[in-house]
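Next up: a single chain in structure tokens, the form predicted alone.
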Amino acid sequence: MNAPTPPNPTQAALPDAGQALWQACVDQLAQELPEQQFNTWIRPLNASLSEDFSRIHIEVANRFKLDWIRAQYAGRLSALLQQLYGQPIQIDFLLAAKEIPQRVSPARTLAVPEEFAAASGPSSETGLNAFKNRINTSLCFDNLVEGTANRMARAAAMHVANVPGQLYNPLFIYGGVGLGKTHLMHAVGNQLLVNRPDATVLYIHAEQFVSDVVKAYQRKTFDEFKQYYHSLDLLLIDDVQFFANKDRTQEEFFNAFEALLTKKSHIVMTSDTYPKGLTDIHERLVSRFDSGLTVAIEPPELEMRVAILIAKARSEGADMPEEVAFFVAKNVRSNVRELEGALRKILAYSRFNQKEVSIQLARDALRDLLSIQNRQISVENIQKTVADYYKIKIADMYSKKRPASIARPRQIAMYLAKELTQKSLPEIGELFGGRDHTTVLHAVRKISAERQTLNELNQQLHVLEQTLKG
């Protein structure tokens, strides 16, 4: 990561520069940490920098979280801040002005089955003490950019929000990390609460459901647990793949699932793969997941990425020229979260250096990201990875052989070459044995269209993309 020029402490815009520095640090951690971990420990933090940028004060909600964050993240925070600013910054962790007493001690442990022992973590929240819907009010349909990649999922989610308990129950949304699945679920919850303010809505990550099962087991309060979860009008549950190998949790979720559907409540779930692709989940639960509507969210196409960048920049109070948005969108292809991270790096770099946002500034701000991409993903690397995955010879990528067992992987490799590199269609064709650019275009369109409807193909492409991106 290229260190921006340190700001002059006498500048009038010092608070903005300090906040931009902290935001750039947070954005980097968002890319490094699992989403639940980031949302639990890093996102809630408030920070302020001293005028000379020598110290940063980080406010934490309570003593337990303060100790945990200091032990687990202080080193990485310090390194990131120094990397971004170019000089060491002393970190002071402070308790927020009003510390809220914890209802449950996170240190409580009992002899429990292996699944429960593994699930018992540092979380200090309990969903059973007081009802909190956990809906993020800032995530709604209005600020979710629509494109080919998410159009079907968005339409289904809007239908659920406006007419819950009828069609598409359950709604199962799957896709890779950072594509907007969680945003879509919060949007459903927010819209339903607009329509029915008295509705009982809950957004929860699958790990929290596991934690609640553990607590009910430890305290022998399963009646309260069932009353809580079985009474909801809308349950939004993220990342159900975390239920893998947790038999008691799966049993309790199955019971809650059946109870909610019986009373015509709605269930919306997300996962990193389609239902039948889930591993170590009971078959009867998988069949329930697959009994409503299953829709995928794909990585956003170029035009959608451009629209997202411009919209996000506007929400940050900044102007993103269209040509800069196209440059960034062409180089950051994988997901919305990485797009947002790239945008914030550019805006922070612009503020630190007091320069207008331009393609050259974006290139400088994203130098590390671009060099990593250029080093890791090449057409040759794609050909080798695809050939290994489908167990064919690399030479088959260039040959004139046309059996389906070879032609299909070749088309997939052409599609990935177009999606993941900056090569033109004629350049890609040349690297595939001197084929015409129309052959490449046909392959790209064919695989792109089939990806929308064939779950197995989509999953294979997802695995290949993650492999190539390291």
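If you're wondering where the values come from, they're calculated on a predicted model, not measured in any experiment. Don't overthink the numbering: it's just position in the shown sequence, from 1.
This protein has a second form, the form predicted in complex with adenosine-5'-diphosphate, left out of what is shown; the following refers to that one.
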**Report entry** Check all three, 163, 169 and 293, heavy atom within 4.5 Å of adenosine-5'-diphosphate in the model of the complex
**Finding:** no
Report summary line: Answer key: of 230, 215, 183, 288, within 4.5 Å of adenosine-5'-diphosphate in the model of the complex (heavy atoms) is 183
Query raised in the report: Looking at 143, 241, 83, 353, which has any heavy atom no more than 4.5 Å from adenosine-5'-diphosphate in the model of the complex?
Result: 143
Requested in this report: Examine residue 304 and determine whether its closest non-hydrogen atom to adenosine-5'-diphosphate in the model of the complex is within 4.5 angstroms.
Outcome: yes
Query raised in the report: Does residue 312 reach adenosine-5'-diphosphate in the model of the complex if we count a contact as any heavy atom within 4.5 Å?
Result: yes
Query - Non-hydrogen atom contact residue 177 with adenosine-5'-diphosphate in the model of the complex at 4.5 angstroms - result: yes
Query raised in the report: residue 337: heavy atom within 4.5 Å of adenosine-5'-diphosphate in the model of the complex?
Result: yes
**Report entry** Listed range touching adenosine-5'-diphosphate, judged in the model of the complex by heavy atoms within 4.5 Å, from 315 to 323, 169 to 177, 249 to 257, 383 to 391
**Finding:** 169 to 177
